[in-house]
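Next up, structure tokens for two forms of one chain, structure 1 and then structure 2.
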Structure 1
């Protein structure tokens, strides 16, 4: 049960978590009475949360049928990767131009624990990968870029698909992006970030 004075945000966060985690599955109808009861809230804050999530493209309202968790088709997922390629490439360029050593350290810290591991836990690595791509945007300090990335909810839409490529492939790619940022090489930083996403996009297309 949620115990907050202002219920709107915690209800929104909880329902969003339920969608991201797969507790509420793609295409599933959202039974508002059931969820409201489970969270211990009225339907008013729940409806506000669902409207916010609809704006983030996570749920959809179907006339005369109700609210559903949005189903993402193959083309939609592919298009999301196209957006990610552009946004994360721009973010890498901005970070390279900023010469921010603290940002470089935060990005390196995402993967430092895996460098000496012979066998990498895929779930742990997936979380590190998620954090890296989120930080890549946030550390730019570019609020419009951050808002576009967040509002479109671009990365979270693909989290549930898991890792498309193994750490053995992507760990080195992440390192190349970070190295280019650290050296202030904006062209390479953007190029490597775009190539990193592009490889996953092409793999997804082939699948």
Structure 2
């Protein structure tokens, strides 16, 4: 009496976590049977997860050799930031052009709790920051954009654990982006969103 629902999602999430947490190291070969056994499933659903992760750029497949945890070099992280710049910039523009301004409230809510406090918990702020950037994309309602953007997460989740820049610096930048969206100033919204990411990108380059 075998009983299952879709192993799909849980296996995918677990393997992803193993990569992000470093349990599976960069460049390491993923021996399918080994991981499958560790997760208590067969190779079939594991393979499905690995293929999804390959498309997310976390895993690399070399035919007849196996699947490897992808290692991201400096250049690639930089390149990902360039993509984010293009996509988040466009997202900010779209939101500014949209007549429905409920998005503004949601975006502001990400940071509202930090405005009244003196000491900001960096852990909490990092979460809020991540949410803000995801929301920026999601609220556009542009599904292809949303799907494409998955790549942007790579950096946030894999490389820079913690923030690149302090809240005092970025809080104001976020506000500027939101204000421009609210005013319907598409050019500024895009410009500020881009500059915001560019600053982190430049910083990344000099370290």
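Residue numbers count along the first chain shown, from 1. Computed from a predicted model, the values in this text were never measured in an experiment. Under this definition, the rigid core comprises the largest set of C-alpha atoms superposing within 1.5 Å between the forms.
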Seminar exercise, completed: Answer check: the form predicted together with a further copy of the same chain matches structure 2
For this session: Determine the rotation of the smaller rigid body against the larger one between the two structures and give it in °.
Result: 17
Problem set entry | Distance moved by the residue 22 C-alpha between the two structures (core-aligned, Å) | 3.9
